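Starting off, we have a lone chain in the form predicted on its own, written out as structure tokens.
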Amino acid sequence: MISVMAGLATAAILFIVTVGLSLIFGTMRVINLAHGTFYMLGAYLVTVTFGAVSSRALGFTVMLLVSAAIVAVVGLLIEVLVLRRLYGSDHLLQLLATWAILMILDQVAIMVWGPQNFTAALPRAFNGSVQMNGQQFPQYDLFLIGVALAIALALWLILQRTRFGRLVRAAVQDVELIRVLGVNVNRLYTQVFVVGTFLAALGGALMGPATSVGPGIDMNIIVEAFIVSVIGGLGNIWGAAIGAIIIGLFQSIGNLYVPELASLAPYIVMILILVIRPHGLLGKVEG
């Protein structure tokens, strides 16, 4: 029971980060290697820059949103100044551009916060545990699961009940059609990229107090996010949820029974899925 809950807590963060990546790719067809760097910036802001106001639940919640919003502004500038000029280009050019952005932001982070790792205390409101099946489970992990569920519900409502959601779904199907119908596709892309960046930064901000924050965490999370995306189907946000749950449970239960192989679980699962279903569980063949 505890291992399953721990796996769901891991899946919660993976989902929050990966769903932003899938939203961007599904709508814009941009493979954003810098996505993990937005996660890292969110973690740095919460852990180092705003760590002093993180002890209370309200302050912590505001801090999460402010941190993610600041990084979303960075994403806005990157989309407008760089990526907008590469739409329609070969995927390789987009990969190289986002890779260059990743390297630049990594170096900026080292210049601002230094090469050392940081840890921060959990807010007092979540720094306890609850009893489950005779064992203690961290309250903060329950908080992470709750946030992920809230984000999933919010995304569903936005995609199904708002004009923005309808445009996003239409762009996933045929972006040229909505362009002909007079939709400002560039503005839609900007909005989608900002939302995706916000989600990546929010994932990092949420993980900031629960892990060691330092150079390299962006590389780790982007690898895991791509694995989750491939398993669920690149560009499918609900596939991201399924992929995150699969990886989270495999890692958690693997740590319990075969800890020496647990770190390999994501790669093993990805290979199996690719062999059985090359486009992922919910992915579609590109036309």
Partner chain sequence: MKKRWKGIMTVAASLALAGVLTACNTAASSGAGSDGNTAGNSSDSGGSTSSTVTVAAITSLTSSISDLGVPGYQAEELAINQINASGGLLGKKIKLIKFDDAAQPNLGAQYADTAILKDHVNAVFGPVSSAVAAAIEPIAAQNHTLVFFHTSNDISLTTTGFTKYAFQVTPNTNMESTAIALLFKKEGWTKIATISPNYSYGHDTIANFLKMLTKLGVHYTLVSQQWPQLGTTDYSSYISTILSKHPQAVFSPVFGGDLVTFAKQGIQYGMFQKTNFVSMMDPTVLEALGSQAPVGAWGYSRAPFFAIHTSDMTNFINAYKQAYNQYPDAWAILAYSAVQTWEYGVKQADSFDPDKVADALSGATVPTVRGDIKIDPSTHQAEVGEWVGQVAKSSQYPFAIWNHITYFSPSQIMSTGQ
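Every value quoted in this text rests on a predicted model; they were computed, and no experiment measured them. Think of the rigid core as the biggest set of C-alphas that the two forms share within 1.5 Å after superposition. Positions refer to the first chain, counted from 1.
Form predicted in complex with its partner chain: not shown, discussed below.
S.K.: Can you tell me which of 133-141, 185-193, 159-167, 78-86 lies within 4.5 Å of its partner chain in the model of the complex, counting heavy atoms only?
M.R.: Contact criterion met by 133-141 only.
S.K.: Within 4.5 Å of its partner chain in the model of the complex, do His91, Leu95 and Leu256 each have at least one heavy atom?
M.R.: Every residue of the candidate spot has a heavy atom within 4.5 Å of its partner chain in the model of the complex.
S.K.: Closest heavy atom of Thr27 to its partner chain in the model of the complex, within 4.5 Å or not?
M.R.: Output for Thr27 is no: heavy atoms all beyond 4.5 Å of its partner chain.
S.K.: Using heavy atoms and a 4.5 Å limit, would one call Ala154 a contact residue for its partner chain in the model of the complex?
M.R.: It does not: once its partner chain is placed as it appears in the model of the complex, Ala154 has no heavy atom within 4.5 Å of it.
S.K.: So, Ile2 and its partner chain: in the model of the complex, are they within 4.5 Å at any heavy atom pair?
M.R.: Ile2: yes, in contact with its partner chain in the model of the complex.
S.K.: If you check in the model of the complex, is Leu122 within 4.5 Å of its partner chain, heavy atoms only?
M.R.: Leu122: contacts its partner chain in the model of the complex.
S.K.: Of 226-253, which residues get within 4.5 Å of its partner chain in the model of the complex if you count heavy atoms?
M.R.: In sequence order, Phe226, Val230, Leu234, Gln251, Ser252 come within 4.5 Å of the partner.
S.K.: Quick one: once the rigid core is lined up, does Val223 have its C-alpha move by 2 Å or more between this form and the one not shown?
M.R.: Where the cores coincide, Val223 shows only a C-alpha shift between this form and the one not shown that is less than 2 Å.
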